[in-house]
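Quick setup: one chain, the form predicted alone, written in structure tokens, and binding and motion questions come after.
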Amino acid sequence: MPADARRLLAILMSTGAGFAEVYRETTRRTSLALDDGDMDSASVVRDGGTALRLVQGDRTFFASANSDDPDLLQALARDLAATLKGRSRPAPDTFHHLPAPPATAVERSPADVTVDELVSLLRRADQAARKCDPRVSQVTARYLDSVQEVAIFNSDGEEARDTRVMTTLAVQVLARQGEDLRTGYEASSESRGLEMFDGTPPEDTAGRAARQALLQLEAEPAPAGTFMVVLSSRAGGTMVHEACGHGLEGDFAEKGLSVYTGRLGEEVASPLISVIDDGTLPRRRGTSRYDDEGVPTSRVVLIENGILKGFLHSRRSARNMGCSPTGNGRRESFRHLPIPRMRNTMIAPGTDDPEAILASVRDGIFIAHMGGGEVDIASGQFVFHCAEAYRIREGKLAEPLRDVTLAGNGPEILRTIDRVGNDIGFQVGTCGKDGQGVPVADAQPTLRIPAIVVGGAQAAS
């Protein structure tokens, strides 16, 4: 591959490119779904290809092919280089590896596990959910894994290779009481192999999904109004991801589309708040050794004690903003251009005891689990749906609530948080941006928000 990459780079650099890159990827994905006790689908897909990119000034030129045939790729490189007219620049004679964080050890590769064992995991999840309560009427359990090999070579003489293993179990439960139907959803996903289930058995994931659905059957309609809210660490970092994380991605800031544009060094959050994006955390869903441009991943401090310290950068956004790339240039596959993306984004733990935070609230709302939501990057306005919530009365959890939404402005909420717990909890997902999806994890400690708009079906009481 290095010899082939040198030839491709020589072609790409022959007409005046300032930077050129060869990205090679092969991926094996397994997907199984058990719906109501029956196998609904099963597939093993192998995919792979090569992406070529060249940059001249502010212009980027890109082409890809689902092939590693040298003749085809050299023809593609010549077509791409023909878009430029300029002086030839030398391609590197040799490549060097940039130091990168260690890879997470994989004890049981998905490629070595039988289909029967995977089906057994799904049946365990199905049975565990049904045992929770007779009102559980439908269970869908999905298993997914991927083993991705990437090799990246560029005109700066840099070479990066990475093997990325991901294992995921997602369970959706439907509970019925009369005509009332409620759903619960839970997913476990880590950048490692089947050993994930040693620490997080499928029964645990299924039980949490069933609990969400069953609680909603018993829950009362949520009140509407402005409340003090406690966000549990179990809620994960959906709020930090959506309400401020996207606004801290370099391309949005560079284009003036972020509420944080031009505010480096300013106070943008409570002094209790620090926001970090860390691509080096062992086993987390957003972790890898290198990003998809061959830049080593890193721990990026975005907000420190309320002060905006930086943004998440690809090579392009870093160059345009006069910064160093942070290892956040990510792409869904070889078919896509890399863009700045989050990895494992979190609000750092504070010093307060979570139980003391709850006890400090006379009347409020406790959010135990977040659902989906929407956010406007430019303004920071958001609306989130909450999958599990409770009323707080005199410092204790009271009746469960359903159909709870939170609405507000992300930067304003970050400025008002006045208690930060010493715990932390993670949530996993796939983040969408510009038509691309990439695996991420989000985290936060227990947080107290003095006032936030809660949407519900009845007036506050």
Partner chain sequence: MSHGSRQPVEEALAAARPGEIIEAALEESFSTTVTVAGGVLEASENSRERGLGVRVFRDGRIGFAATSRLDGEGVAEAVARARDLAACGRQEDENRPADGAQTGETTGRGDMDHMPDPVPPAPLEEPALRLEEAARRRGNDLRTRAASVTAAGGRWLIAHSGGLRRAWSWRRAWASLEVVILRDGVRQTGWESDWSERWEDLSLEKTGAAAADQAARKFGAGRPPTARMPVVLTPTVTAGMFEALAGALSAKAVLRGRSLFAGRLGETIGSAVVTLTDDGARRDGFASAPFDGEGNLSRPAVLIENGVLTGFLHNTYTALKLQSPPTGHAVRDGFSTQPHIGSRNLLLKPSGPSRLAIIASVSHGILVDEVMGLHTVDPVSGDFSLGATGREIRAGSTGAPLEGFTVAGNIRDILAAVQAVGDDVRFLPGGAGGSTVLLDGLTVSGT
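Residue numbers count along the first chain shown, from 1. Note that the structure is a prediction, hence the values are computed from the model and not measured. The term rigid core refers to the most C-alpha atoms you can superpose between the two forms while keeping them within 1.5 Å.
One more form of this protein, predicted in complex with the partner chain, exists but is not displayed; see below.
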| query | finding |
| --- | --- |
| Answer option from 88, 163, 177, 261, heavy atom within 4.5 Å of the partner chain in the model of the complex | 261 |
| The partner chain: the contacting residue among 310, 373, 325, 202 in the model of the complex [heavy atom, 4.5 Å] | 373 |
| One stretch from 265 to 273, 133 to 141, 296 to 304, 88 to 96 that, in the model of the complex, holds residues within 4.5 Å of the partner chain by heavy atom | 133 to 141 |
| Residue 433 within 4.5 Å of the partner chain in the model of the complex, heavy atoms | yes |
| Touches the partner chain in the model of the complex: residue 38 (any heavy atom, 4.5 Å) | yes |
| Residue 404: touches the partner chain in the model of the complex, heavy atom cutoff 4.5 angstroms | yes |
| 4.5 Å heavy atom contact, residue 66 to the partner chain in the model of the complex | yes |
| Contact check for 28, 115 and 453 against the partner chain in the model of the complex, heavy atom at 4.5 Å | yes |
| Residues of stretch 53 to 77 in contact with the partner chain in the model of the complex (4.5 Å, non-hydrogen atom) | 58, 59, 60, 61, 62, 63, 64, 65, 66, 72, 76 |
| Shift of residue 430 between this form and the one not shown at or above 2 Å (CA, core fit) | no |
| Core-aligned C-alpha movement of residue 112 between this form and the one not shown reaching 2 Å | no |
| C-alpha of residue 372 off by 2 Å or more between this form and the one not shown on rigid core | yes |
